[in-house]
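One chain comes next, on its own, written out as structure tokens in the form predicted on its own.
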Amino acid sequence: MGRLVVVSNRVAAPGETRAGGLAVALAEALAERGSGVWFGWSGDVVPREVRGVRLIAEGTTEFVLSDLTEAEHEGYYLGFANRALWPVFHYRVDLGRFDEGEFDCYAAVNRRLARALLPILRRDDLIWVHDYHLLLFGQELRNDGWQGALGFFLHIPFPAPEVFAALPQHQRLARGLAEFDLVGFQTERDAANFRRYMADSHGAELLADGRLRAFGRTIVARAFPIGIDPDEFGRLAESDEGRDAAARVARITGDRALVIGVDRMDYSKGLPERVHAFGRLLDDNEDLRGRVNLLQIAPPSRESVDAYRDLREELDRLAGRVNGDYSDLDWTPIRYLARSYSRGVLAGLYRLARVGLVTPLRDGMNLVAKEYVAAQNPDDPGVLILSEFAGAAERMGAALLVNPHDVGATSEAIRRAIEMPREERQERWQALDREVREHDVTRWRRDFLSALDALAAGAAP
């Protein structure tokens, strides 16, 4: 068995915090494999041309790091990746900026990174590329002569074919994706969208078991739903850090029901719609005034992008309106915190909260939903309210599913969750817990790598 070579936009190098999620999963995959390489951007931005890469060894894993120049960071990362791909893949074509120069920079960075990796590769390596920053990476490796196994996993949604086709470069991107042997998605819907796009726009022949033939190659496009480590997150909820955080908030909320939302500051997360729904709850239910709190944690991200600055200002205004209308001497309905907290603190807060409000307008998976479930007390669990447009909703039907654009329905779901009897809460939580445990992060990486290993060996995955 050859080495595993992981390629991602950012590398969690030795000495950096690997705070759950993808970083921990990939580090474990490399360790489990016995030897491997993790290649990608160092996180550093330098003013001039990048020369070479840096190698750091930790155990049997080599970390191979490349910087970005200021121009590359602007054009590749902030530019095409986050001003074009991110909005379109999240169904916000109206927010997309389609700049040819930024696409050229995106393609050039994919090319430069592929050429930097190539001398390090061995013939029997298994290469696993991650996310929307590197859609052209496989094609660049192929152009430089790589003939070995190539896998790709998309962590964000793949949109409906007509939405993806809004990208002026969609044909070039599709041709790049077709150079991978295995393309993985979060949900069956995303995989189906990709297969339908390839058939409609490029005449792909759809075969059995997620296989399709396009551009003279046979590739596999399947769903591999990502998960968490539920036992580890449950331990965090009961840790000293988790208990202390819960106790601090409980001193403020008292016996009021706590509704919690935790999201990066991003227009895909449905934050204004969520505040509108909570405001509607108080507008329509006088009996709940003074009896419920919304704790919304929303750390800023990509503040140099105009859409994110606008979102921050809108959220500040909306939360201020609700608090101005309904606050009393001893009660403020919304506590809005625009900062980050550790996973231990969040786990403790999830366990305290009667309601987990996870209502993105569109999301690849949304691991907050799974973390909320894993943090609960089985004897007295809270209720998960989940957007039907989150990838997690495909397998978490025991949550209260809502359309986040429907403010009235979301408001009513919050009331229903607050008033739900313990027996029903337990029944719903048990079903959700089974799903979170069945599709955990270990299964995700093992399923994907098993399928890629099978393709590398010439067998059906």
Ligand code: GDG
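Since we're looking at a predicted model, the values are computed, not measured. Counting begins at 1, following the sequence as shown.
Form predicted in complex with this ligand: not shown, discussed below.
Colleague: Pick from W146, Y341, Y91, F98: which has a non-hydrogen atom within 4.5 Å of this ligand in the predicted bound form?
Modeller: When this ligand is considered in the predicted bound form, the option within 4.5 Å is Y341.
Colleague: Though this ligand is not shown, can you say which of F137, F185, Y350, Y76 has a heavy atom within 4.5 Å of it in the predicted bound form?
Modeller: Answer to the contact question: Y350.
Colleague: Using a 4.5 Å heavy atom cut-off, which stretch among 234-242, 208-216, 322-330, 368-376 contacts this ligand in the predicted bound form?
Modeller: Going through the listed ranges, the match is 368-376.
Colleague: Even though the partner isn't displayed, in the predicted bound form is G364 close enough to this ligand, meaning a heavy atom within 4.5 Å?
Modeller: Judged by the heavy-atom cut-off of 4.5 Å, G364 is in contact with this ligand in the predicted bound form.
Colleague: Evaluate F194 for contact with this ligand in the predicted bound form, applying a 4.5 angstroms cut-off between non-hydrogen atoms, and reply yes or no.
Modeller: Residue-level check for F194: no, no contact with this ligand.
Colleague: Wondering, does P168 line up within 4.5 Å of this ligand in the predicted bound form on heavy atoms?
Modeller: Residue-level check for P168: no, no contact with this ligand.
Colleague: In the predicted bound form, does Y267 come within 4.5 Å of this ligand, counting heavy atoms only?
Modeller: Y267: no, not in contact with this ligand in the predicted bound form.
Colleague: Within 4.5 Å of this ligand in the predicted bound form - does that hold for a heavy atom of every one of L258, A393 and L432?
Modeller: Looking in the predicted bound form, the three residues L258, A393 and L432 all stay beyond 4.5 Å of this ligand (heavy atoms).
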